[in-house]
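The chain below stands alone, shown as structure tokens; this is the form predicted alone.
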Amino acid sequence: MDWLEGLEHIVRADEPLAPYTWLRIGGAAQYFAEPTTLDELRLLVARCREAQLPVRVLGGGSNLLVRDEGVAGVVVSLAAPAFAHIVVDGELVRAGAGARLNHVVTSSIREGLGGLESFAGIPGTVGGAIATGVESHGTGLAQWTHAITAVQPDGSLQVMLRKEWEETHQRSLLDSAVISEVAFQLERGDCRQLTQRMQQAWIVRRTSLPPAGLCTARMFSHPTWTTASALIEQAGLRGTRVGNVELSDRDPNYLVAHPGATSREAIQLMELVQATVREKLGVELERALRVW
């Protein structure tokens, strides 16, 4: 049986991925799938396993660089309404993997639930934030995560409590699965105070980002004792450019891709920054930008 049988309406071949990323560069996906229901997602994942096709999940595209050669296998987008729900039940907030993290933050605060306000202004989806281990001011999103529902490679649905998936053997299961929903256990708080904290976090985050309208992405995670931006400054790299990709004037930990830029140039610039910081400061920067 053809692995696409019954899935033709949600799968496209040779789909350009650049429009789905903030950097707006990179090649195409061999196959691009947009399931509209959880059952379609489960069937798709199981079929991919049978056909030995690798599966990658596309979130908001804010921390993703697609190679110029494109991506083999199937890229899955969970942008359909079935994966964007946000449901508040007491102090528990359930969010689809495709829901925007900012929407979850604002929805929680509106209900008088605190814990996520420091994540205001972080772009991307809930599933992507969990999969990449998003942190804010030293606090991981995982701290507030009660459970994760994920589609395993065989198409089965598994619910993993935080204490389970944080363990090594469960973490490997999560790495090979497709997150479909996340449940957050939050705390009651004063709406006005929570809103003020959210607004403050939003303002601080926005002032450090490159101006709107530019094609940008953050390169490296921050070490515990300083910021990647400070290290790049100390290494004398501000304004460094490779082809049509350069470091942002506002925050040198951000790439800016200008018209005509290629993924190869972006990778070369990141490698140059890593090598220079390592040589001059003895620090190994950890890459935050995913490369497909």
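So that there is no doubt, residue numbering starts at 1 and follows the sequence shown. What you are looking at is a predicted structure, and each value in this text was computed from that prediction instead of being measured.
Omitted here: the form predicted in complex with a small molecule. The next part is about that form.
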In the predicted complex, does every one of G61, A131 and W292 come within 4.5 Å of the small molecule, counting any heavy atom? yes
Listed range touching the small molecule, judged in the predicted complex by heavy atoms within 4.5 Å, from 86-94, 102-110, 194-202, 178-186: 178-186
Within 4.5 Å, heavy atoms only, which of V256, V57, C48, A228 is in contact with the small molecule in the predicted complex? V57
Although the partner isn't part of this model, could you tell me whether I122 comes within 4.5 Å of the small molecule in the predicted complex, counting any heavy atom of the residue? yes
In the predicted complex, A217 touching the small molecule (heavy atom, 4.5 Å): yes
May I ask you to state whether L116 is within 4.5 Å of the small molecule in the predicted complex, using heavy atom distances? no
